[in-house]
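In structure tokens, one chain follows: the form predicted alone.
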Amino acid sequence: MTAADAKTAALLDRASGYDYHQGPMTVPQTNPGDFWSIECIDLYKSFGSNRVMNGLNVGIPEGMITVILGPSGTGKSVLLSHLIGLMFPDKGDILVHGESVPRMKQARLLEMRRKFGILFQDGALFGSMNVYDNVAFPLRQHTDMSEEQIKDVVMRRLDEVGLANGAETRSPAELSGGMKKRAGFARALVLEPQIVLFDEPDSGLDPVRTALLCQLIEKVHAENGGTYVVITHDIASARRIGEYIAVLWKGRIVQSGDRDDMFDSPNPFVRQFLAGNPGGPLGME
């Protein structure tokens, strides 16, 4: 791109409200090999006249905890659905370990999804099953393990999230919000995924339980490794666990980078959002 082209692009962005967006993906300094686990390239997605993604580019670093932040209604959960092929872009590409998700045939797509574990907002537990059976469900569906082997895995994962104390026999209706999240986390881990996605895991939790859940995410990641992607709008959670942070607004990434760089960003939108200040580009619209 020539200097004139760059100037024209900047003017167009300013005219369309994208003058705060910095565009290209920023490679994390702490990620040796500059390797992306997931890449989203020029994604567009509309629902009727509502354009949710508008040329979105973001990279998810391998082996790190990435937090994707943004105001409510900016398409964070829609982006998560694209990462695992539950939705497909109108235009653009998503690469998981170098493979294009939109171009995968159904059999390969189903196989690729086994790389992922997902913790949904409310835990998404089956109400008719107790905690043990909820966590065992993926193993019974996708492996040939014996019940004895399944028990070993399930109890190990429940212990890992602090629920191997009799909670395995309880129904979801008997659990607190935090316990449901932990049970959902255990279920997300049983197939030993390479990538774990968290869709607003702090939703509905008080500040103390949010902090405890963040502590648990850090602990489990340190013990198991892998790539974690946390979708949230909670700044405190991002500061606690985010090694790499991307800020989403108006269907594009405003800026992405290492945690310290992001919290020290000179970008007016990023600075306002991460500080929670009322004054700045983001208003009540």
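Just count from 1 along the sequence shown to find any residue number. Because the structure is predicted, anything quoted here is derived from the model rather than measured.
The discussion below concerns the form predicted together with a small molecule, not included here.
Q: Of L175, M104, M87, L205, which one comes within 4.5 Å of the small molecule in the predicted bound form, counting heavy atoms only?
A: Checking each option against the small molecule in the predicted bound form, the one that comes within 4.5 Å is M87.
Q: I217, I245, I38, V52: which sits within 4.5 Å of the small molecule in the predicted bound form by any heavy atom?
A: Residue within 4.5 Å of the partner: V52.
Q: If contact means any heavy atom within 4.5 Å, which of 236-244, 249-257, 64-72, 221-229 contacts the small molecule in the predicted bound form?
A: Checking each option against the 4.5 Å cut-off leaves 64-72.
Q: At 4.5 Å between heavy atoms, is F47 in contact with the small molecule in the predicted bound form?
A: The answer is yes: F47 has a heavy atom within 4.5 Å of the small molecule.
Q: Do N130 and the small molecule share at least one heavy atom pair within 4.5 Å in the predicted bound form?
A: No - in the predicted bound form, heavy atoms of N130 and the small molecule never come within 4.5 Å of each other.
Q: Though only this chain appears here, would S77 touch the small molecule in the predicted bound form if you measure heavy atom gaps against 4.5 Å?
A: Close contact exists here: in the predicted bound form, S77 approaches the small molecule to within 4.5 Å, heavy atoms only.
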